[in-house]
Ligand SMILES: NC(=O)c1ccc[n+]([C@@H]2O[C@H](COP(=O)([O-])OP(=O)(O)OC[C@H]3O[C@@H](n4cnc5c(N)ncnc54)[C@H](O)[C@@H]3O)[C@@H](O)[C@H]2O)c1
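Shown here is one chain on its own, the form predicted on its own, set out as structure tokens.
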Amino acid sequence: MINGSKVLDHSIRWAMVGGGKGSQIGYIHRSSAQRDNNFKLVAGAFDINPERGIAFGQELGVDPDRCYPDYQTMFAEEAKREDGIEAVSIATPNGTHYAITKAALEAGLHVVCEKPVCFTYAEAEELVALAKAKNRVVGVTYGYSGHQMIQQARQMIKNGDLGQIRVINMSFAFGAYNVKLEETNPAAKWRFDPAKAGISFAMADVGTHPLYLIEAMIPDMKIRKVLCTKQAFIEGRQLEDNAFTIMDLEGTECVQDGAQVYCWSSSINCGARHGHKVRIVGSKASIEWDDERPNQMSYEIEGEPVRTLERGAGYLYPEARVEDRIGGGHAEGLFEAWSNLYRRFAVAMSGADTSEYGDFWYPSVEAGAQGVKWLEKCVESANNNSVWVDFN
């Protein structure tokens, strides 16, 4: 069980780019990173408006001399200090992720980046190679993967509890953009601008989340081809607000050849708060997880009563109990999930002992690259009358 003690010999000196005042995602980064004292916020370039960013940094308790007008200045000035930053988190609009991540790696920094890490798979491959050459960690904030029941699902599939996987039905289909929210909400406006958001909205913003969850649950999963249809239901939008994707899988130890994945990515699902669910159907049993009820997972064996597995219970696999922060029965949520990921990022960045995990993993730059590749293939299919497109 995690009790808040550091897993490192010192707190990683850490900075943020973006995540300024009023940023919901900025707050969850700061709260989660510093939860276990493995990171310490010592610098930042928090806002595109330098004066506003510097003022906000001081509100957070950051030394005024280390509140910078932009990331380029921050990387250059911090490199001159003996106590300069060692890692940076990037919480800015999508169109800036590639340039900032590349600059951070070139400055010798570890990186935690919002998804997508870049716009094209070619850029993603470049970041993968650069991270390897610089021997630096790039973590991607697929935050839902920090929930402990995702680790339980991974171990159940690995140990054959479900048999071979045949069908995966997943969705992230919420309803908040069922109206033209971007006309009155500046924070929403950039999400439908291809110059700032890239080639996709619904699939990039939410569809890649369940995609990474199933990749985490089934590490040997291999996509053979994809078929996608997408649409913007709200007039005037340049990017889709709804999409359906089918994926055909190759056979592996855990996956039956020809298995299929069905993914609904949407922002116009009226009345749905999140609609983020994953159901995995095997030859022996099925499991289902809903991110609005993250502490439970349904386990269904044909011909037997449905079981509800509970976070923190003694019958779970040991790997699923490593990151317990409070006894079973107490609800844990997204802040705990992100804290678990930041703890893993810290372990990876420092090279600390991973033996307590039994099965150590985190959403890496390779996972981020896979998500970008998936987006490219989905858009290629949809733009060509929804034909099957080879994934490799």
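These numbers were taken from a predicted model, which means no experiment stands behind them. Heads up: residue numbers just count along the shown sequence, starting at 1.
Form predicted together with this ligand: not shown, discussed below.
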| property | result |
| --- | --- |
| Site test, Val7, His110 and Phe335 vs this ligand in the predicted complex, non-hydrogen atom cutoff 4.5 Å | no |
| In the predicted complex, segment of 188-196, 314-322, 227-235, 241-249 with a heavy atom within 4.5 Å of this ligand | 188-196 |
| 4.5 angstroms heavy atom contact with this ligand in the predicted complex for Ser381 | no |
| 4.5 Å heavy atom contact, His147 to this ligand in the predicted complex | no |
| Partner contact for Lys40 in the predicted complex: this ligand, 4.5 angstroms, heavy atom | no |
| Residue contact check: Ala352 to this ligand in the predicted complex, 4.5 Å heavy atom | no |
| Among the candidates Lys277, His209, Arg136, Arg154, the residue which, in the predicted complex, approaches this ligand to within 4.5 Å (heavy atoms) | His209 |
| Heavy atom within 4.5 Å of this ligand in the predicted complex - the one residue of Asp291, Glu78, Glu86, Glu114 that qualifies | Glu114 |
| Residues of stretch 35-50 in contact with this ligand in the predicted complex (4.5 Å, non-hydrogen atom) | Ala45, Phe46, Asp47, Ile48 |
